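A lone chain, given as structure tokens: the form predicted on its own.
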Amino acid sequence: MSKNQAFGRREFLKTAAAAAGVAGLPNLAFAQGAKIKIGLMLPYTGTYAQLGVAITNGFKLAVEESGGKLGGREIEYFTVDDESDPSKATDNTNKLVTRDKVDVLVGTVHSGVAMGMVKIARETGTLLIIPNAGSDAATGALCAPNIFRTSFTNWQPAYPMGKVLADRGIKKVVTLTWKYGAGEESINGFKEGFIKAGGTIMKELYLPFPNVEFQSLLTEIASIKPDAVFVFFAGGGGAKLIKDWQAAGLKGKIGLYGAGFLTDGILDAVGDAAEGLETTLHYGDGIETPKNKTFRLNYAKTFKLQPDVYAVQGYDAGLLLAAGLKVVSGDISKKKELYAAMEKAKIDSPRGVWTMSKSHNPVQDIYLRKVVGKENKVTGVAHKALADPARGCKMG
């Protein structure tokens, strides 16, 4: 290199560094070893509190397993309790993005709150990883290059149960859920599968979220006398329904089925009322893989709790981000390369290996599970490598 070339290069670097300083470019922070800021926006109070804790635990476990760093950079967490309240979603997300200047948003559980996060992520270009909320639109009509999900669409776990029931000769079904996005989309997924397989929906029943006054609805179900009932509930609401179902004398008379959230994380709370219930989900107990065994052991040792599907989804959010940041060596400003790496990632998950669809939703096996004691025991695969139809997604 000539002296002039060397001088020119030195001047260029000085100028570039000055420009970076003025503009506060992320590259400068990256060069100075700044931490990657992760905003966890999850429910830590209310109906979904235990789900928020499990997701947080799972995510942090994945980070710890990669030495407490991602892409060689240390992590700083910012936490917001979203209270499962859609009316506060935009403000809460803005706190993390504009006040705390997070690099990555991780959240949430409630689909209505997730829609607020999706809105801000689309407007600001902030990377959003959804570790639970199944709102179909997030990886459907509102899909975007910076929005990824490590859980499911509401359609996905429910759809295969339609064929399972029809194949058993169950012809007439009543559906029941909370009247909100997740419940309606889950029921629609089940209906699509069930009607396609020759079944009939006798009646669709709803109650407002998070209302758990089931008595009058259970009386109505008893009078309709369907072959089975398909439901979408989760957390405390699921536990209450299962106990009320038994108390109303319906257990053993009318089959109760649901997306797996119905029985996940609540078996200790319901005693024998859940025994024998069957659900479909992308995770369950007794998946005999080295990855799942190691995960369950490490989670139990670290948090003194047994992991559930929510912990797995949080863990996989950490694995997905780690896979992307590894490729860009921690330089989160290389967004195009980061997103491309996340799209191509093959996640070795406790649920089984899964890949990312073009709309950024997992392509994954959906298991048939049965409650046996305190376990959601996997009894078979209801659908192999199921991809969501991603209706309305036009990835720019």
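Numbering starts at 1 and runs along the sequence shown. Predicted model only: the values in this text are computed from it and were never measured.
Heads up, the form predicted together with a small molecule isn't pictured, but that's what we're talking about next.
At a distance threshold of 4.5 angstroms between non-hydrogen atoms, residue 139 is out of contact with the small molecule in the predicted bound form.
The small molecule in the predicted bound form comes within 4.5 Å of no heavy atom belonging to residue 150. The shortest heavy atom separation between residue 107 and the small molecule in the predicted bound form exceeds 4.5 Å. Interface membership of residue 131, defined by any non-hydrogen atom within 4.5 Å of the small molecule in the predicted bound form, is ruled out. Among the residues 321, 311, 161, 234, the one placing a heavy atom within 4.5 Å of the small molecule in the predicted bound form is 234.
With the partner omitted here, the residue from 214, 303, 77, 180 that has a non-hydrogen atom within 4.5 angstroms of the small molecule in the predicted bound form is 180. For the small molecule in the predicted bound form, the listed stretch (195-203, 250-258, 109-117, 222-230) containing residues with heavy atoms inside 4.5 Å is 109-117.
If you check the small molecule in the predicted bound form, you find no heavy atom from any of 187, 190 and 263 within 4.5 Å.
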